[in-house]
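The chain below stands alone and is given as structure tokens, in the form predicted alone.
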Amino acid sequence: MKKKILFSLKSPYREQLDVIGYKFGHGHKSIAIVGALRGNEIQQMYVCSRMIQELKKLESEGKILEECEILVIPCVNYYSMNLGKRFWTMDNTDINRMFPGYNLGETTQRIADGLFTKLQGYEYGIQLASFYQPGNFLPHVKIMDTGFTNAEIMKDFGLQFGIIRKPRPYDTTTLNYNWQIWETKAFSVYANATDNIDKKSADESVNAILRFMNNKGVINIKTSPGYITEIINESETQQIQSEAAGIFISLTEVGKIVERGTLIGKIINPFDGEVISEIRSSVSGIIYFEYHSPLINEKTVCFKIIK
């Protein structure tokens, strides 16, 4: 294992930001794995730290195949992580909305440029992603339909679902999208939690990434078979929005099968405790996203269901 500073940024108020990468093997740029781009992505950083431990062991046992290089970047935005902020602390901008970056631009644009320069040229890219709202996901892998990759490759992760997302205009500045434009086959792996550690789903994500590496001939180990991945389009999912603001109570959890009309949550008045809204499933399917903040605003996505 080689620990390297991939990119540095001086700060007038704090120690300079050093983005650290851990390299395993040598030769062909096979796979790059990126963890926390945002300051609250604790689970994503944790999964990467677990990957580093696994790869150290595999490298010592000679199970990383020759001419294969693996790069793991556990955390990029630890400035914000140290302060408990999701976005860049100085101006509240999102690094994952700044790619491919600009080396003469704003701070987060320069960070994105410095990072992306080091990530170019890898055959496969895996980002440990999070949703813009607080909540839990059923572990799954997602790909953007840019026309530059094959969705069938998602089956090599062995996760229950692989989701194809049609890019929206704001997706064009994300790491995943730009990786694909620059000819890296890029995937987003969702590891259930974000700002807390879920060891069970972290184990599942680590095993899925190792399974992918094994299937792609980067490492040589025995892995569990995992799921026969069902590939679906994001249009086959249904968002359930809240109809009122208040205290949010979930009555289900990710992975649960629900029928149309099932009561899956409620919103109560924070002052008198009266139920002001019932949340019912509008379709039959599997819960794959569950909002988990105690307070909710009206028209907030509180559940996502695979129909």
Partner chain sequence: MIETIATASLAVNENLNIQKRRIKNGNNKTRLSIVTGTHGDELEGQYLAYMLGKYIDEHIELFDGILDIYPALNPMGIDSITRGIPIFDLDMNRVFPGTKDGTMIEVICSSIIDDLSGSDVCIDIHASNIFLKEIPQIRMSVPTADTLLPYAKMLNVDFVWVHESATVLESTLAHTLNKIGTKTLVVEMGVGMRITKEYCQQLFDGILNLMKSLKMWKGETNSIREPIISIDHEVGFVNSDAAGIFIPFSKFGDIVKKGDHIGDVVDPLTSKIVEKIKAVCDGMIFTLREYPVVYGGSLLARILEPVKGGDTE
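Predicted, not measured: the structure shown is a model, and the values here were computed from it. Numbering follows the first chain given and starts at 1.
The same protein also exists as the form predicted together with the partner chain; that form is not shown, yet it is the one meant from here on.
In the predicted complex, the partner chain lies farther than 4.5 Å from every heavy atom of Lys222. For Ile287, no non-hydrogen atom is located within 4.5 Å of the partner chain in the predicted complex, even though that partner is not displayed. In the predicted complex, the partner chain sits within 4.5 Å of a heavy atom belonging to Leu295. Of the heavy atoms in Trp182, none are within 4.5 Å of the partner chain in the predicted complex.
Looking at the partner chain in the predicted complex, residues Lys3, Phe212 and Asn215 place no heavy atom within 4.5 Å of it. This chain lacks the partner; the member of Asp145, Glu106, Asp203, Glu152 within 4.5 angstroms of the partner chain in the predicted complex by a non-hydrogen atom is Glu106. Contact with the partner chain in the predicted complex, defined as any heavy atom within 4.5 Å, is confined among 245-253, 51-59, 29-37, 65-73 to 245-253. Using a 4.5 Å cut-off on any heavy atom, none of the residues of 49-64 reaches the partner chain in the predicted complex.
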